Ligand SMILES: Cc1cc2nc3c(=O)[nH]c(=O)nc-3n(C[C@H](O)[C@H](O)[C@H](O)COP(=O)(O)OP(=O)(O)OC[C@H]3O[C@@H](n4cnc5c(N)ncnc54)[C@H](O)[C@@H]3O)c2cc1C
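Encoded as structure tokens, the following chain is the form predicted on its own, with no partner shown.
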Amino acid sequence: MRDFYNIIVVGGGHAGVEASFAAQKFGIDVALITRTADSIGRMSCNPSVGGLAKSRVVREVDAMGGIIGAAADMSAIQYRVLNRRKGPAVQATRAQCDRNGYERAVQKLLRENSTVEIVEDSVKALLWHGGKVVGVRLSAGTEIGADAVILTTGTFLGGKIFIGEKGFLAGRIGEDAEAGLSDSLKEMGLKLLRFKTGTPPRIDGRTVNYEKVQIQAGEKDYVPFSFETMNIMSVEQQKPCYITHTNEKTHDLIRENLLLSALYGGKIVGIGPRYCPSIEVKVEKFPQHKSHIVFLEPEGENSYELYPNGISNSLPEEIQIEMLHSISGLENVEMTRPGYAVEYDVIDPIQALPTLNIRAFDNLFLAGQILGTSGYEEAAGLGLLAGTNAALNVLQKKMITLPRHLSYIGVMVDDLVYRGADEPYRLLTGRAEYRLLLREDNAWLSVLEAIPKDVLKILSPNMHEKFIEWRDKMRNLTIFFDNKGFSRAEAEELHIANGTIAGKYLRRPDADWESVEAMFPKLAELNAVPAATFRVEMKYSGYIERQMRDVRQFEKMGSIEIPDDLDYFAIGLRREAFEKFNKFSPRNIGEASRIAGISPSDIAVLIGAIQKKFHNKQLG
């Protein structure tokens, strides 16, 4: 361990891994501080990667040279494609992973492909002077200097675990919380929030009655998360998951013991996630539902433990066992570990910029749950962006932001820094205005458009040139088919009129792509990844172009710059709008319009004032 690093990353979870891995690619010294090296990349909750909107984030991170996609593929024991019958905007890949295998894969990738130095310790305080963070103080009082610090503390920042009436300080079961760092952040003038999340009990799969649960097998028709993963698992190679349901007996038991839950017994003050509620919340808030689905997910290839996804709770252990025994197929199941709730500190995300550094301390960056999010994928996406920008900041280069129409990471960052978080933030497809532009298949193309060439070449040196090659081939194919008419024989085979333009035919919903590929080998030779993108882009071109027109129109309005000397108080704004514009200092109309509480009429007043100001200057 040295006494100075260019960048210090605090926390070895999904955000910390991506942040440190990205930052070191810029040729600077990076230290990752974590309590134990063995816990790096640990899956605290369910052993899976992907899902709605999240799978697109994994592919974005992979396209930018990150770790999560490759680690998921290396440890996957099952793949499924969600919403396969729906449109491409909401289809999503989800991989069930071997919990320990994922952890090992992350550590292997970090160890063999980076220069990151692992420091086994905990950070008790940040060192700061004026508007700059200058280093960290470790548990024993040792101080380490840094040009920039990235906080990725997960649920460890002031973490407290609850099981029924029992409460104790911890960030994960069996792992100590970060004590003292919260006080340091408060001394720096940062506003902290208190959030809550939870996890279900673990059960012994050998004690499940599999005749009473529904099997959920894996699928073979899927695309791996990483562009560099070549292996496709057969259905036979994949481990099955299982499905069961709670029932009225389960719900009655929970209602009878509701006040014994830490959540309803007054022990917990933190705000929990709306979109991933505990079983107590489901039963109490949705009494009309007579049952709730429970997914029994294997913890690993050689593990007998199962993760019962859907019954996260903070009930006493004896009630948790009764609850499990009330569920079909689990009547005699053995609980190997109780579920619990965990409360932790969060830095209010509206104090951060879109580049993920704090407004008051421009070399202090945040990523993951400390910024108000939940989920491995969200943490990984924020971590990669924070690590990249911290490195660019250290090198005194322009930091990057990701546009909403090109990136779910961009959607997430925008939502957090301009609208804040009143609960753990979770990515959903519904959060994006331009969902058809944010599909699984075109993450690589979006990244190529969103990231400056010189930055992407550093982040993803193995794939950057390949992405350019794929994009150019797609463009050439589009031009070719838009100028190619089918011959008489080809038209007869496709049952269309002679001379029909191929591009128009391929945009039809009933187009026979297999026959066209046989007619034109250059289409069949296209790599599988851009081939999937090309097919969707052709089929939905009308809808895609419509969304792109909306994007261009918004960008035209949104790019109107706000003068630095504009007096918000003097232009007739509502008090709330005046206060928020002063607080956030938006650079343009686009940023101003995304601030929570700002109305279209506020934007109209702002645009009018800018136009008047420029008009007066011209007259003068």
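Just count from 1 along the sequence shown to find any residue number. Since we're looking at a predicted model, the values are computed, not measured.
The next section is about a form of this same protein that is not shown, the form predicted together with the named molecule.
- Interface membership of residue 35, defined by any non-hydrogen atom within 4.5 Å of the named molecule in the predicted complex, is confirmed.
- At a distance threshold of 4.5 angstroms between non-hydrogen atoms, residue 225 is out of contact with the named molecule in the predicted complex.
- Contact check for residue 45: a non-hydrogen atom falls within 4.5 Å of the named molecule in the predicted complex.
- Remark: residue 455 does not count among the residues lining the named molecule in the predicted complex, judged by a heavy atom distance of 4.5 Å or less.
- The stretch from 225-233, 351-359, 86-94, 375-383 that comes within 4.5 Å of the named molecule in the predicted complex, counting heavy atoms only, is 375-383.
- The contact with the named molecule in the predicted complex, taken as any heavy atom within 4.5 Å, belongs to 155 out of 313, 407, 155, 388.
- Residues of 1-39 placing a heavy atom within 4.5 Å of the named molecule in the predicted complex, in sequence order: 10, 11, 12, 13, 14, 15, 16, 33, 34, 35, 39.
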